[in-house]
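This document opens with one chain alone, in structure tokens, the form predicted alone.
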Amino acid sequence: MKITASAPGKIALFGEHAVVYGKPAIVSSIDKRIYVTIEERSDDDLKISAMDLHIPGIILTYSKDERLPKVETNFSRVEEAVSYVQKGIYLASEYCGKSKGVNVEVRSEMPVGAGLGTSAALSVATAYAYLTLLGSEIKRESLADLGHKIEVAVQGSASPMDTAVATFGGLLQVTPLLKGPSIERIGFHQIPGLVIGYTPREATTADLLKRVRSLRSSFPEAVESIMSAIGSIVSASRRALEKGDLASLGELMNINHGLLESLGVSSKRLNDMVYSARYAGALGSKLTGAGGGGCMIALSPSKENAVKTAIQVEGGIPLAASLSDIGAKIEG
């Protein structure tokens, strides 16, 4: 038996990093997805193949005692990506109380580690496919929570934002609460002239989250004021979205980027693309996601080609993607 599940990538419009500390965020799924195909084996082994991620087939031995695959070979360069699948299988088994040896094949339409929520999409799709193979039903709210637990297990901490949008899809406001994230759908519509630019990551999500935690520990009042300001921007940006006020959206993007830069999560290459996009006519631009390289977004109605050229001049790669309202699903 073989099951394929897919989940979308995302762009964070407003609120990344602050959402880890209880502030709201606005995020949307995009039309690029990760696909996870899981096939039952006749033994207890776990085989992971992810050629799109430049990961060769890796055989992991499944420990019946610990119910956790153990690595038989050195894969330090791809350890983080494999860990999401590994933890996903383990925690999904724990969730339903059943387990099977499986072959896992991963395919991605997005660059990995670009700030487009690929780890969340991989976590959600892995858990969804594995649970479906085992005949275990799961509600969307529980799938989002399980995906978040997978990310936390790999990264040490994670916001519920990415796994919420990977699960539900659409344009969402995500607000962390003690009982779990509050997920509120905002009326879905395309944002005109939205351009995405990519540059390779210089730091992992886990490293960036650790950096912000350390900064917050050293300067709690200052960092909390930044997080509160980002939360206020989210509220204002939602009003602008609902009114279709693109000028205000652009200004709020610029402010949000400045606050993220103050947390030390941007990079020179990201900043070069962000500021060049503005000089090329974008109403606003900011990093999207954890930062440290990865992706930026620019609100560029009627200026898309000029902004794409500006991104390329700075050594970035414009990505073709649009907003989507389709969340995690079982294919076929």
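Heads up: residue numbers just count along the shown sequence, starting at 1. Only a predicted model underlies this, so the values are computations on that prediction, with no experimental measurement involved.
Same protein, other form: the form predicted together with (R)-mevalonate (MEV), not shown, and the subject of what follows.
- Within 4.5 Å of some heavy atom of (R)-mevalonate (MEV) in the model of the complex lies at least one heavy atom of Val20.
- Put simply, Leu209 is close to (R)-mevalonate (MEV) in the model of the complex: some heavy atom of it is within 4.5 Å.
- Although the partner is absent here, Ala290 sits close enough that one of its heavy atoms falls within 4.5 Å of (R)-mevalonate (MEV) in the model of the complex.
- Although the partner is absent from this view, Val102 stays clear of (R)-mevalonate (MEV) in the model of the complex, with no non-hydrogen atom inside 4.5 angstroms.
- Heavy atoms within 4.5 Å of (R)-mevalonate (MEV) in the model of the complex map, among the stretches 249 to 257, 159 to 167, 216 to 224, 121 to 129, onto 159 to 167 alone.
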